[in-house]
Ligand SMILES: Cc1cc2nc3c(=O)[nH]c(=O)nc-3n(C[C@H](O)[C@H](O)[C@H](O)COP(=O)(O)OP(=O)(O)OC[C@H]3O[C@@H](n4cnc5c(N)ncnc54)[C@H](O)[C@@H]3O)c2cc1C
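Given as structure tokens, the chain that follows is alone and in the form predicted alone.
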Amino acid sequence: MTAPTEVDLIIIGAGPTGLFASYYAGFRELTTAVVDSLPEPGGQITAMYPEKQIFDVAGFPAVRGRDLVAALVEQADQWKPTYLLGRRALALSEVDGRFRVELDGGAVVDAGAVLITAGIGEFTPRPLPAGDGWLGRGVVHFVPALDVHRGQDVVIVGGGDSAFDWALALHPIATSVTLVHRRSRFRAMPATVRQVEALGVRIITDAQVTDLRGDNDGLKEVELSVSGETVVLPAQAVVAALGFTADLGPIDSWGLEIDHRSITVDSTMRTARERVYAAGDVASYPGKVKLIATGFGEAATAVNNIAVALNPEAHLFPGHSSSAE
């Protein structure tokens, strides 16, 4: 077995909540290891909407997703957390009064406490049925870099917030943007739908993608069935924004109280297991509001209570960071 990484606190999830928890744990003089199954920090933001403007983070009228992640990483890095990215947390056990977390690939982390900030858990995009064989050859689920689609004809399939967000973001970049949805009603926020409509983006409803056509150079056309009629669109890219399935994976077997992919916590953010805490979207309690801003506060609450759990002589409230020299 690989020699374990030894830290005070292991954080499972490198999204905004996990990154801020890593910073705050450093402020509380705790060493941390941050684990995530994704290859980069940032969680859903990095994977799904790095170019999207986020409007509900305190202090920022608007902040691009990748810029928020970069700032959180810089904030945490002053305490030198150990990042274990592209690794899944598999098993949780207790050895000599400490937790041992086994990761895929054989890595092991020993920690005094665990903080789970796994968001919605491991998510898998729903496939485009007609897109079999085209993933990575014209079909994508997310748009990590808008410039890739500059000058392209882009077809976006879906009717939720992500589909309309991509339409807004790609409209100034692409040669054309067409949004295709199988129903006449949308799940997206009405204000976002109105924005897309005002831009003149072509929206085709009651439509199904029936075929994708191209050659060795890539995707060329998308065939639709629209109310029984065939419509063919030029397309070098299709964004399949059809949602995703998610689950907590091995965390389900860690002896926690879990309901609908959420981990039940108390007011200290502690789970049903001593010295195991949760914060952010994965944590659940009465009246919970799932916002990034909420996750930041929960991270600080969890870390302060973890500090006391690890050292009963520590103060729950350490003072304000602005008072530190």
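Quantities reported herein were computed from a predicted structural model and do not represent experimental measurements. Residues carry their position along the shown sequence, with the first being 1. Under this definition, the rigid core comprises the largest set of C-alpha atoms superposing within 1.5 Å between the forms.
Although not depicted, the form predicted in complex with this ligand is the subject of the following passage.
Against this ligand in the predicted complex, the set A14, Y49 and G280 is in full contact: each member has a heavy atom within 4.5 Å.
Contact annotation: K290 falls within 4.5 Å of this ligand in the predicted complex, judged by heavy atom distances. Residue contact with this ligand in the predicted complex: A89 places a heavy atom within 4.5 Å of it. Mapping the unseen interface onto this chain, A300 falls outside it, with no heavy atom inside 4.5 Å of this ligand in the predicted complex. Of the heavy atoms in V157, none are within 4.5 Å of this ligand in the predicted complex. Residue I120 is the only one of I120, A240, A174, V209 with a heavy atom lying within 4.5 Å of this ligand in the predicted complex.
Distance criterion of 4.5 Å from any heavy atom to this ligand in the predicted complex singles out D56 from the list E274, D56, E257, E29. In sequence order, T17, G18, V35, D36, S37 are the residues of 17 to 37 having a heavy atom within 4.5 Å of this ligand in the predicted complex; the partner itself is omitted from this view.
Once both forms are overlaid on the rigid core, the distance between the two CA positions of M189 between this form and the one not shown is 2 angstroms or more. Once the rigid core is overlaid between this form and the one not shown, P125 counts among the residues whose Cα shifts by 2 Å or more. Between G105 and P125, the Cα distance is smaller in the predicted complex than in this structure, by no less than 3 angstroms. If you compare C-alpha positions, P125 and E40 are 3 angstroms or more closer together in the predicted complex than in the form on display.
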